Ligand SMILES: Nc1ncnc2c1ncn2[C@@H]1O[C@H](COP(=O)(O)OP(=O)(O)OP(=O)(O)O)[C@@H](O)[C@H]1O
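Okay, so here's just one chain, in structure tokens, the form predicted alone.
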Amino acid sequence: MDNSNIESLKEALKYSPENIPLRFLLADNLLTLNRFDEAEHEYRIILQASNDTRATLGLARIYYAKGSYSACNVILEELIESGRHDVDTLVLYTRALIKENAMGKAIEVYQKVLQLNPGYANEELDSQLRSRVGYTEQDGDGDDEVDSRFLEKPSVTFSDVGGMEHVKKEIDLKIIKPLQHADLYKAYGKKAGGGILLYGPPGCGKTFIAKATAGQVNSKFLSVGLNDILDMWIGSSEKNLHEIFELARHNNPCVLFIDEIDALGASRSDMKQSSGRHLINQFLQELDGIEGNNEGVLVLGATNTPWNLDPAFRRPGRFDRIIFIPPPDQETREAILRLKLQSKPAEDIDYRQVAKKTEHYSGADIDAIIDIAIEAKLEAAFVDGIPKPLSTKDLLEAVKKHKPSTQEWFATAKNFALFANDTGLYDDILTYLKIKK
């Protein structure tokens, strides 16, 4: 609507000053044309005549457009308290709160918008209020408080871990002894606890060895994944992380295990979103014990890609001890095969022979081999209806069909170990691959 039409509306109102719909049309169009003072005058006339909340919302829009965000918020708060909870009002309130840097309240109001209209999408508000770094969609709104549902007392110990003797010995020296002899360490001014990073190819038992570590020292075990920490709302991920650390501190001695830690602690130099950097900074503060005493809390992180982790995490006092978890050795593979086939129909299995043929296979790969062998037996049983037991031949045939999934990981890891290993961080990978620098 142009200025000539505005004059026509004003002229019409001279002959019908009590025509509220006509005055609304004039006020709304004045606001659209940024003639704020005239629009405010018309809205106030409407309020004197009818107390219509649409006119109140119009005044709030005027104050927002003028940059008077505090005045805008006062009006909107009164509107909402009086029972107006429509999307337009709440969206304007969200925008005004952002302008006043009240991000927590803005997130709360925007969540109400999405509850009222689940299909609502606003790219500008989403970019300001939602975190895009590392977020994975999950059920719920992320407001549930962290509680003891994460805690468990593992029944497994190192005696349940087949093979991996050098890994268990290193964990015993660097982790278990300090927790078992805390008084001795205290006499030398050293605290029990700290951070250990377990790395290696996927499916090789990093989670199981962490759980066995907790069982070995008879401590509580707190296992969390990305979905327990990451939240779409900016600031909520940091809060979740802090609450998890607080839960571990209140239940010490405690082993806090965080899987896929590279997704939480990725290199800040590679990040474009500030929300991801804020989460990493919060993580570093929690490891340093700035907001609480970490004594008696052992933080175990697991990752398949340690080279993606921010270097700040490897500073002394954080994840200063890094342990390579390789694929199971022959003895361990044999133990895994015996365990997995214990409850399945099998006859005269040459476990040693199968174990020899599965070099570089992970525990998950061994599961896959057994599944392939069983599927072949089931297919044969469909013909005559007679289930036949698994044999060594069946397992060896399955090995031919399934290549070790760790090979792709080692192809990448070898490059880092050879060309990005000035500190010797990845020497264990070279030792496993029998490569001399």
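What you are looking at is a predicted structure, and each value in this text was computed from that prediction instead of being measured. Note that residue numbering begins at 1 and tracks the sequence as displayed.
One more form of this protein, predicted in complex with this ligand, exists but is not displayed; see below.
Q: Under a 4.5 Å heavy atom criterion, is Glu170 part of the interface with this ligand in the predicted bound form?
A: Flag for Glu170 set to no.
Q: Is Ala106 close enough to touch this ligand in the predicted bound form, meaning at least one heavy atom pair within 4.5 Å?
A: No, no contact at 4.5 Å.
Q: Is Asp88 part of the interface with this ligand in the predicted bound form - any heavy atom within 4.5 Å?
A: Output for Asp88 is no: heavy atoms all beyond 4.5 Å of this ligand.
Q: Flag Gly225 as yes or no: does it have a non-hydrogen atom within 4.5 angstroms of any non-hydrogen atom of this ligand in the predicted bound form?
A: Gly225: no contact with this ligand in the predicted bound form.
Q: Find the only residue in Ile261, Leu97, Ile336, Leu179 having a heavy atom within 4.5 Å of this ligand in the predicted bound form.
A: Selected option: Ile336.
Q: Would you kindly say which of Leu197, Leu287, Leu298, Cys204 lies with a heavy atom within 4.5 Å of this ligand in the predicted bound form?
A: Only one option qualifies, and that one is Cys204.
Q: Would you check whether this ligand, in the predicted bound form, lies within 4.5 angstroms of a non-hydrogen atom from each of Ser219, Leu256 and Gly317?
A: Checked in the predicted bound form: no contact with this ligand for any of the three.
Q: If contact means any heavy atom within 4.5 Å, which of 79-87, 205-213, 351-359, 106-114 contacts this ligand in the predicted bound form?
A: It is the stretch 205-213.
Q: Note that this ligand is not shown here; using its position in the predicted bound form, name the residues of 356-393 with a heavy atom within 4.5 Å of it, in sequence order.
A: Contacts from 356-393: Gly363, Ala364, Asp367.
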